[in-house]
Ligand code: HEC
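Quick heads-up: it's one chain on its own, the form predicted alone, in structure tokens.
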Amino acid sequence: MRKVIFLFIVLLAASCSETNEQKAVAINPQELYSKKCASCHGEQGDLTMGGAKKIKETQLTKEQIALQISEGKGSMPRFGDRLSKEEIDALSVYCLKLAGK
């Protein structure tokens, strides 16, 4: 009986934990970009509202983009306290796709 209870607890814990892969699937970077970034950078990354840079023309690396999203720069607000690390990473990759990289 103890083995059955132990097995039940292990299976329950495994089913409740979320893997990084599951978290990544749950994030829709295009939707996130539309909600958080497009008003200044444009849906295609070619708008420059309020001093925003054209994402389509970026020469930044994924890490540099992630840092700017997290910390902000110039007139761009910081999003590090509003977005998870996974969301910031997904946005960084999406921005590179907009830039054709």
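Just so you know, these numbers come straight off a predicted model, no measurement behind them. Don't overthink the numbering: it's just position in the shown sequence, from 1.
What comes next is about the form predicted in complex with heme C, which is not displayed.
So, in the predicted complex, is I27 in contact with heme C at a 4.5 angstroms heavy atom limit?
No - in the predicted complex, heavy atoms of I27 and heme C never come within 4.5 Å of each other.
Taking any heavy atom pair closer than or equal to 4.5 Å as contact, tell me whether S39 reaches heme C in the predicted complex.
Contact check for S39: yes, within 4.5 Å of heme C in the predicted complex.
Partner proximity in the predicted complex: S75 to heme C, non-hydrogen atom cutoff 4.5 Å:
S75: yes, in contact with heme C in the predicted complex.
Of 59 to 91, which residues get within 4.5 Å of heme C in the predicted complex if you count heavy atoms?
The stretch 59 to 91, when checked against heme C in the predicted complex, contributes Q59, L60, I65, Q68, I69, K73, G74, S75, M76, P77, F79, L83, L91 at the 4.5 Å heavy-atom cut-off.
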